[in-house]
Ligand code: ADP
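Shown below, as structure tokens, is a lone chain in the form predicted on its own; questions about how it binds or moves come after it.
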Amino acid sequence: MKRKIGGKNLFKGPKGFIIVAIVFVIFALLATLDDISRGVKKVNYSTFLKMVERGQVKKVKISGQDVYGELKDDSKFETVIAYNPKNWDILKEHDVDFEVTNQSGGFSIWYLLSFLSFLATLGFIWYIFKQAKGGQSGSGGGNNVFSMGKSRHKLFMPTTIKENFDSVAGAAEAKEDLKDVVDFLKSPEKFKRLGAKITRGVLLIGEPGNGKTLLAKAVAGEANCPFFSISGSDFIEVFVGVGASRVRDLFAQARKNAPSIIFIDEIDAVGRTRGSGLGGGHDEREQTLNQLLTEMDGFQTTSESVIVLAATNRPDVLDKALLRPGRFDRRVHVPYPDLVSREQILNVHAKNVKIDMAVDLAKIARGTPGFSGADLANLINEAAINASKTNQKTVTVKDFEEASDKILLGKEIKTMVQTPQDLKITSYHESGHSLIRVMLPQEADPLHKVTIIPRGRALGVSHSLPERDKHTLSKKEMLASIAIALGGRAAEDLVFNKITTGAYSDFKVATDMARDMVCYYGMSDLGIAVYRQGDADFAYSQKTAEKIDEQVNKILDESYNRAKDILQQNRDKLDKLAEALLARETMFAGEVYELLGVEPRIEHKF
């Protein structure tokens, strides 16, 4: 029976002839190896008779016309004899011990092993060709020697792409830039009639988790065209030339399905500046990059509409040839979402989550500056997991607070043992931060909550809740932030007349901010010059460095004294807040305002 693979006869045509020839050669080799492995030497009939006459044969076993014998030097042989009754006389005359067996009953384990080896060889050849067939079918190539040069992309046809620009919350500017790509794919003649040439390469730049891949898919969904997705690392292989072959195959497939989109994620894996590898300009990665550059130039001369989108968070390491006009000459920045975008993203991810009516996603968005879209999705999921653990019917504000603290600081440490004195110091430390924030309502972000529950490496924390995203800061606001950062140490010094190591991270924040004020923002007595250490264009002398240090220390000392004065003038409020915090462990802004008898800060809507 002839084995068929994929509906085609495996043994038909030139390929089948080659397979049969290989099988026979292997079988012949196995037979030879069988004799060698048994240590048996084949001799002809005349030689056998001469060895008997010389007295070299010790004993023989005769089965029909097959003779298996052993010489006196313990070597073995086999031969085929002619039917002749005189053979018995010759053997008797020369004292050869012989045995005659029934031919049909003879069996050798070596024949069985040879047969099994033959079957194993056939199975191996069948498996190899089956893998080759499987690797060649489908869009992603295969993991075998016959399809190693095939591209490993994933192909999404228009009917399977559900994403469009409405699926992407925020990123308004990025979507606006990408609409040109959609227009070209849908109506290329609109551009060609005036001689305009739309860019064929768009580089999406942004930090991980901000939606670069989702935007690329949304473009394909809007344009209703095939979407080829691949990672930059999928091109690279240890075998020379495989990466370049995969690039050629990818672009060939894209042209066949034009208009189409090729999306290369993490392009910096293959597009790094040439000449930086150990192999100079001849290593595999650089050959792959050269082929990519050639393909991006080559398909511009054809009529097919193929757009290449690529994503990276390291545009600084890309080869300049990739970024020149005609290749990735359009760059679309995908930044961290702003306040409005964060609220939109939270609403998208909250659609399938049962959230309590009291949860204000706008307020949660205010408390998540610097979160990426992936971080916000994780926040929703962590809150849902927390609610599920206690079998709640809905996800509450408390669950979101727990999820936010877990993401920002780490899981709550319940096993940490602290003495009453340690807890008291931590309580005054965090109360010092919070009280100064409350007493500087117009200069600092409003208080959100304060806690002395240890998380991660923090024994406690005082949270603020920004009213809006700030893109610039005034000198007044920066000095207030430094005073708040130093408020914890100031409270320890004022109340206990001793200092601890718990203020290290506060000092780092305050020092970095003070140095930025002096070196970058012109907010000191040194004037408006920019001092950037390690840059030849902004190098400064040792004398200037000493002046910078003096100004930084001046800002820190003045801010520390300011913080200590505020706490000293409001010592009763500091004691009251610290005692309440020891009892409750966590207090929200409303509770703090009520306890201290301070008017709550009026929230401004922007």
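Numbers follow the displayed sequence, beginning with 1. Each form is matched to the other, and the largest set of C-alpha atoms that superpose within 1.5 Å is called the rigid core. This structure is a prediction, so every number in the text was calculated from the model and none was measured.
The next section is about a form of this same protein that is not shown, the form predicted in complex with adenosine-5'-diphosphate (ADP).
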query: Contact residue in the predicted complex, from 168, 289, 444, 519 (heavy atom within 4.5 Å of adenosine-5'-diphosphate (ADP)); finding: 168
query: Partner-contacting position among 509, 122, 321, 377 - heavy atom within 4.5 Å of adenosine-5'-diphosphate (ADP) in the predicted complex; finding: 377
query: Any non-hydrogen atom of residue 208 within 4.5 angstroms of adenosine-5'-diphosphate (ADP) in the predicted complex; finding: yes
query: Residue 330, heavy atom within 4.5 angstroms of adenosine-5'-diphosphate (ADP) in the predicted complex; finding: no
query: 4.5 Å heavy atom contact, residue 213 to adenosine-5'-diphosphate (ADP) in the predicted complex; finding: yes
query: Partner proximity in the predicted complex: residue 349 to adenosine-5'-diphosphate (ADP), non-hydrogen atom cutoff 4.5 Å; finding: yes
query: One stretch from 183-191, 160-168, 423-431, 383-391 that, in the predicted complex, holds residues within 4.5 Å of adenosine-5'-diphosphate (ADP) by heavy atom; finding: 160-168
query: Core-superposed comparison between this form and the one not shown, residue 263 Cα displacement 2 Å or beyond; finding: yes
query: Yes/no, residue 378 Cα shift of 2 Å or more between this form and the one not shown with rigid core fixed; finding: no
query: Rigid core superposed: residue 356 CA moves 2 Å or more between this form and the one not shown; finding: no
